[in-house]
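Taking the form predicted alone, here's one chain by itself in structure tokens.
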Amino acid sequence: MLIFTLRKLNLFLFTMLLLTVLSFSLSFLFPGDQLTNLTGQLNITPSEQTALAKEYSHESNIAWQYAAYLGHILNGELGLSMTNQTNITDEILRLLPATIELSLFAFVIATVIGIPLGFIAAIRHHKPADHVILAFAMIGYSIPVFWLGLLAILTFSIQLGWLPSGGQISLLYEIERTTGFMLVDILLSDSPYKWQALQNNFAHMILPALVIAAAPATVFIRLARTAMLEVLQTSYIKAARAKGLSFSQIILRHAIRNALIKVVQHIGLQFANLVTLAMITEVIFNWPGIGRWLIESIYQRDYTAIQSGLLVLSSFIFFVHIITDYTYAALNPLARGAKYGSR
């Protein structure tokens, strides 16, 4: 496990280095002054401009400029927003927890719905239940997320009035910010209306989370179905049948765990897709997350915010990949010896 950890740490450092190189190169590709794109500082005096150029090694070669940029990132200095001159690091720390909270909630929904349905489809292979679940998966995967979001608002918010159409929590509840995660902050608050606030937050989260979870859930259905069908064809399952175990015993004791190992292997890849869907959904549901902030930055051509937002989101997705790999290695010891590109 030590060698596996060292390999992952090496991959993590190398990937982070590449991400910072990509982010740094964007300052040259965006229109305008490269130093302004990096720092986001506008309307500064000539003396401030000189100090800033020295701070970022602007007069040195490209390697020293990159080293200075990397040093600022390691110190948590991502510059200022070109739109409103706010500190980008503070903005990201304020908005990122809302995106993580919504993405994790959607991920749980997609997993809880998708994997069991995939197993049921495999167990009922070539039966009506299998065809119905596959049809549901195909339809769910084909629906564009923006159309599904608007349809959900029209149906459940406007016509039926069951759920809120936007926001994170009603303005009636004043929750003090402690961690940035609304659910945690509500539980930590001293508000006498804590449980009502918790219900209200859940009500605001259900629709966007379901919309985000739709596409990953359909992918999990197909992954789980394929994995279970492969497991049911293996020799140890046939041996278990020969021993006289009932079909339910074979499924519960042997098939589900081994099929789950194959599904977990692909979960990290789907998380990147889920975060992309979350960015679009945050705009539709006015969710105060980093995805909506990043898309607004693109509209406003806030180049400093775009660089920093892409860097932070990419790092977050890669961090989830690392956790998924560890989970897969914990479930399947053979994976700890696998080389990159061998699976």
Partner chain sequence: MKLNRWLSAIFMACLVLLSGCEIDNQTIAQNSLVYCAEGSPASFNPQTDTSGTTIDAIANQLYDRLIRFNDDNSIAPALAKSWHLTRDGKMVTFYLRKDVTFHQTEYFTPTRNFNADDVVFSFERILNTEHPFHQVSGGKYPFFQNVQFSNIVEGIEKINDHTVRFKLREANSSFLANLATDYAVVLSQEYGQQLLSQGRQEEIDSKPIGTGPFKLQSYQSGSLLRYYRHESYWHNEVKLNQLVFDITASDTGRLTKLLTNECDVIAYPIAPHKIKENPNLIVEEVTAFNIGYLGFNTQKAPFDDPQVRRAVAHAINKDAIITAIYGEQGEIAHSILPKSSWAHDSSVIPIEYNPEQAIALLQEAGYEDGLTFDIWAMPVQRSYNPNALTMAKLIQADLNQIGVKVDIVSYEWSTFLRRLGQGEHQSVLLGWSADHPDPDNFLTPLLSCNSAETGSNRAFWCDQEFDSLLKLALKTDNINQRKNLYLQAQAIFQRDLPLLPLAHSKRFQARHEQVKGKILNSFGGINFAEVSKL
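Positions refer to the first chain, counted from 1. Bear in mind that the values here come from a model prediction, so they are computed numbers and not experimental data.
Another form exists, predicted in complex with the partner chain; not displayed. Remarks below refer to it.
A.B. asks: For the chain shown here without its partner, which stretch in 209-217, 268-276, 171-179, 135-143 has non-hydrogen atoms within 4.5 angstroms of the partner chain in the model of the complex?
C.D. replies: After filtering at 4.5 Å, what remains is 171-179.
A.B. asks: Exactly one residue in Asn200, Asn87, Thr226, Ser189 has a non-hydrogen atom within 4.5 Å of the partner chain in the model of the complex; which is it?
C.D. replies: For this set of options, the contacting one is Asn200.
A.B. asks: Looking at Gln196, Thr83, Asn258, Thr111 here, can you tell me which has any non-hydrogen atom within 4.5 angstroms of the partner chain in the model of the complex?
C.D. replies: Comparing distances to the partner chain in the model of the complex, the residue within 4.5 Å is Gln196.
A.B. asks: Establish, in the model of the complex, whether Leu294, Ser297 and Gly309 all lie within 4.5 Å of the partner chain, using non-hydrogen atoms for the distance.
C.D. replies: Not a single residue of the candidate spot has a heavy atom within 4.5 Å of the partner chain in the model of the complex.
A.B. asks: Taking 4.5 angstroms as the cut-off for heavy atoms, does Pro164 touch the partner chain in the model of the complex?
C.D. replies: Looking in the model of the complex, residue contacts with the partner chain include Pro164, since a heavy atom lies within 4.5 Å.
A.B. asks: In the model of the complex, does Gln41 have a heavy atom within 4.5 Å of the partner chain?
C.D. replies: Gln41: no, not in contact with the partner chain in the model of the complex.
A.B. asks: Though only this chain appears here, would Ile153 touch the partner chain in the model of the complex if you measure heavy atom gaps against 4.5 Å?
C.D. replies: Heavy-atom contact with the partner chain at 4.5 Å: present for Ile153.
A.B. asks: Using a 4.5 Å heavy atom cut-off, state whether Arg124 contacts the partner chain in the model of the complex.
C.D. replies: Although the partner chain is absent here, Arg124 would stay clear of it in the model of the complex, with no heavy atoms inside 4.5 Å.
A.B. asks: Who in 81-112 is close to the partner chain in the model of the complex, meaning a heavy atom within 4.5 Å?
C.D. replies: Counting only heavy atoms within 4.5 Å of the partner chain in the model of the complex, the single contacting residue of 81-112 is Arg94.
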